[in-house]
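Only one chain is included here, represented as structure tokens and corresponding to the form predicted on its own.
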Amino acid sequence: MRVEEIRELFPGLGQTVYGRPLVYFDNAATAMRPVSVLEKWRELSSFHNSNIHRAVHKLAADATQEYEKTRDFVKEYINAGGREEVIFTSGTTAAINLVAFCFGEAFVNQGDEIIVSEEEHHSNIVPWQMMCSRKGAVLKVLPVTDDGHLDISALGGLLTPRTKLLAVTQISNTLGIKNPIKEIVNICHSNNCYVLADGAQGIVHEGMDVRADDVDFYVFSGHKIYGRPERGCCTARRNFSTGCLPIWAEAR
């Protein structure tokens, strides 16, 4: 396709700003939505406007079916092991908070440890700070080298028998550097440590195969991959005990 044909799929790019054709460079924050998404959104709002999972009339049944079809699509898109692993939230931040509260309350005790990397978005730092403060756990930081890459060689020294989880971004939102998720997972799993990968920036650039990379939790935002705003997803792949994931967390 020609660039002009692609631009025509996004009505927002047809406008002028300060007398010039719009050039949009803020996709890392939120992406423009194409006609196909806008039309589907309009269809659902016009003809299937009803609460999902809560009623038995035709509109509610149709809305629920459309909603659950999306769960199946996400399952295939990230190669999850089952649709029950796909949990909808209101965004990446909400997904990380969901894991921090569920996993943290069930499995983290006083003196346990959580690791975050030095290049994380605040949304993948603050929930863990709050959880560690709440549970009396220790927050450790995986450093970044002078050239902006994670110091993977330092990871082994940070891991101990008390380390419960490492939270790391797939692609840095500030540096644009791709992190070796599979290598990080292998190191952590060999030390009985779970891994949460923040895919807010990574999902659109290189995708994710959660089974191939063997991540325990993978979170991302739909609005960064041309979906509607305030939609996110968390994938929980392990069979955790009652009181933790997987649970349903419907989008608000």
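For every residue, the number given is its place in the sequence shown, counted from 1. This one's a predicted model, so the numbers in the text were calculated from it and none came from an experiment.
Here the subject shifts to the form predicted in complex with a small molecule, a form of this protein not shown in this document.
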Fill in the blank from the handout: Among Ala28, Val204, Leu44, Ala60, just one has a heavy atom within 4.5 Å of the small molecule in the model of the complex, namely Ala28
Practice task
Note which of Asn179, Ser123, Ser117, Thr163 lies within 4.5 Å of the small molecule in the model of the complex, where distance is taken over heavy atoms; exactly one does.
Solution key: Ser123
Practice task
Check whether Ala200 has any heavy atom within 4.5 Å of a heavy atom of the small molecule in the model of the complex, and answer yes or no.
Solution key: yes
Handout entry: Partner proximity in the model of the complex: His223 to the small molecule, non-hydrogen atom cutoff 4.5 Å
Key = yes
Problem - Contact of Pro127 with the small molecule in the model of the complex (heavy atom, 4.5 Å) - result: no
Handout entry: Partner proximity in the model of the complex: Gly91 to the small molecule, non-hydrogen atom cutoff 4.5 Å
Key = yes
Fill in the blank from the handout: Here the chain appears without its partner; judged in the model of the complex, the stretch of 92-100, 107-115, 137-145, 72-80 with heavy atoms within 4.5 Å of the small molecule is 92-100
